[in-house]
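So this first bit is one chain, no partners, the form predicted alone, shown in structure tokens.
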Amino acid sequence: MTNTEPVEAGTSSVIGVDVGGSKILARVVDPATGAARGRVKKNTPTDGPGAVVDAIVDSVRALDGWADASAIGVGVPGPVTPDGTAGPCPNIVGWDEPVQVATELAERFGKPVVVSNDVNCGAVAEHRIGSGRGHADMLAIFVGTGVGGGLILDNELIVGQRGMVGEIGHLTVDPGGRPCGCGGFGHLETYAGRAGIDNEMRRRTDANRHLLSQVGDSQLKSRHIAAGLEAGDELSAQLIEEAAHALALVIGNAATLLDLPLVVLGGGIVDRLGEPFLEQIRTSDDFGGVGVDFTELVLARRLDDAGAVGAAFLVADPI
């Protein structure tokens, strides 16, 4: 999966960049081990993809030793085609159309550049040095503001012609169900993603209920959900049970369809709720496909700056 001609593995260093809705993070990475040094973090611009590309360039050039790096890998929060065209990226304000990011960055840096979806980058990091190490086939699912996935088969990251492989958050779990930010209804991330849970919490409750009284007008965080569960809040328990059932349905179906022996789960909500949440998924009556015994569910290793490290892996030694 290459956007420009990749460099050979074994090079001394590459740059990994993780672009999110609120931040851009750049690091210098040893592609043999995933060890990272240097750390530049900037706010993600809100005036369109051109400004985001400029911020990526500024972030990389602010790293000590960037000029000695042989190539640059970039993860972005949206679909990416094999030629490095990225977007639309709904989590970045103003990025409403596809943009040929890889070519533009390669011209500006004078180095090879590979661009991939940010969740795919995280999946590659988990496969190389995390909980998926040693497994040829795996699905990584990250449950945060939304829900994203990265699929690896026969040690190869699968992206698809339009870059849509792994968009597991937009699989339908309830036709006609909760509205999704993409315009659809009943998608997984409206039940399991933090933004979807936040919307449903506000629809069901009032300021006298525990969860909303803790959150107020701010965004719901994973810590609020965990605190609600610990306090025995009924609504918190209901929302997380519904999230677990939705994830169980999708995970079981995906594992059956693709013959997956391993599913790695991470992201803010999973990291916060941990193994008890995985057990809720495992024991759900809604577990899809041929059942939970068909695949193993494990927690992601919570690698430091996994998106940037995975992007660096992809440009140094594509899989």
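Small disclaimer: the values here were computed from a predicted structure and weren't measured. Residue numbers here begin at 1 and follow the sequence given.
Beyond the structure shown, there is the form predicted in complex with another copy of the chain, which is absent from this document and is the topic of what follows.
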* Asked: Of these, 28-36, 271-279, 62-70, 249-257, which stretch puts a heavy atom within 4.5 angstroms of another copy of the chain in the predicted bound form?
  -> 249-257
* Which one of Ala231, Val93, Leu153, Ala237 is close to another copy of the chain in the predicted bound form, taking close to mean a heavy atom within 4.5 Å? -> Leu153
* One residue of Ile129, Val159, Leu212, Ala227 in contact with another copy of the chain, assessed in the predicted bound form (non-hydrogen atom, 4.5 angstroms) -> Val159
* Does Gly163 reach another copy of the chain in the predicted bound form if we count a contact as any heavy atom within 4.5 Å? -> yes
* another copy of the chain contact in the predicted bound form: Ala106, any heavy atom under 4.5 Å -> no
* To do: Give a yes or no for Asp58: in the predicted bound form, does one of its heavy atoms lie within 4.5 Å of a heavy atom belonging to another copy of the chain?
  => no
* Does any heavy atom of Gln219 come within 4.5 Å of a heavy atom of another copy of the chain in the predicted bound form? -> no
* Asked: Even though the chain is shown alone, can you say which residues of 118-142 have a heavy atom within 4.5 Å of another copy of the chain in the predicted bound form?
  -> Asp137
